[in-house]
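This document starts with one chain, in the form predicted on its own, laid out as structure tokens.
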Amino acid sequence: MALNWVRVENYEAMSSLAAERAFAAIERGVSQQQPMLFGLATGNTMLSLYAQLAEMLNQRRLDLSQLHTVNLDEYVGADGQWISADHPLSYRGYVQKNFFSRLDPKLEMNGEHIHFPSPARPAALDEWICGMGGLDFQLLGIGFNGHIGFNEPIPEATISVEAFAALPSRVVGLSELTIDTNARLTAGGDHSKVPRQAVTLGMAPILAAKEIVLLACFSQQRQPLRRLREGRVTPELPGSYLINHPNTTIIYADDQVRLEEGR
């Protein structure tokens, strides 16, 4: 199955379509009365999606007792541990505020089924995901430098295409562009508030997901998406690894990200 590009009119249309796709995947998964693994992304791109998805789940009264969520990443402090969940940039705090707190408790979402990669032993999450049969559905954004999760670009002279695809979950240092972007978008421009490290789900478990939906809505994402359209897989553009994934859809908002079709 070729990479599927879907152009929509604006941010809300992007969010609505993605919420529908996520809801359908969850509904299929939980209806089978077995664990369903749903990979979560964070950031401003996902805010409306999570509000709409929670509303859909509440209205349809889905039993979420078999739903497991796996977050892509979390910031790591100078002590080598997750930053506090009440830190303004914490992704654990983000998903609680913007998604889990919106769910009706009667849906039976189990707090023990909310998973993040641990900086102490990131490989443990990979082992668990693999043992559960892999991620069923993975949401992604794309960084302005083309990263997915916090899998930052690496020069081709440093790592092979195959080795980059096999990268496990791990603690990583963040690029200056990522720090600058996150400071501007989520920290009021204050670089000192952005940790210099994060723990991220690796390329290997992301690419093993059965279905991936990537969202883009910022004009700064124009360049990495155009490069992705060129069809060349390279560790210098982590998002390019989705080109060979069997079931990936990229939904982009045309009012902010304008691409030349066919490039």
Ligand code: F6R
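Just so it is clear, the model here is predicted, and its values are computed rather than measured. When you see a residue number, it is the position in the sequence shown, counting from 1.
Keep in mind that the form predicted in complex with ligand F6R is not shown, yet the notes after this line are about it.
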remark   = Note: exactly one of Asn44, Gln223, Gln34, Ser65 sits with a heavy atom within 4.5 Å of ligand F6R in the model of the complex, namely Asn44
request  = Could you check which residue among Ile142, Leu125, Leu135, Val76 gets a heavy atom within 4.5 Å of ligand F6R in the model of the complex?
outcome  = Ile142
query = ligand F6R isn't shown here, but in the model of the complex, which of 148-156, 78-86, 101-109, 127-135 has heavy atoms within 4.5 Å of it?
reply = 148-156
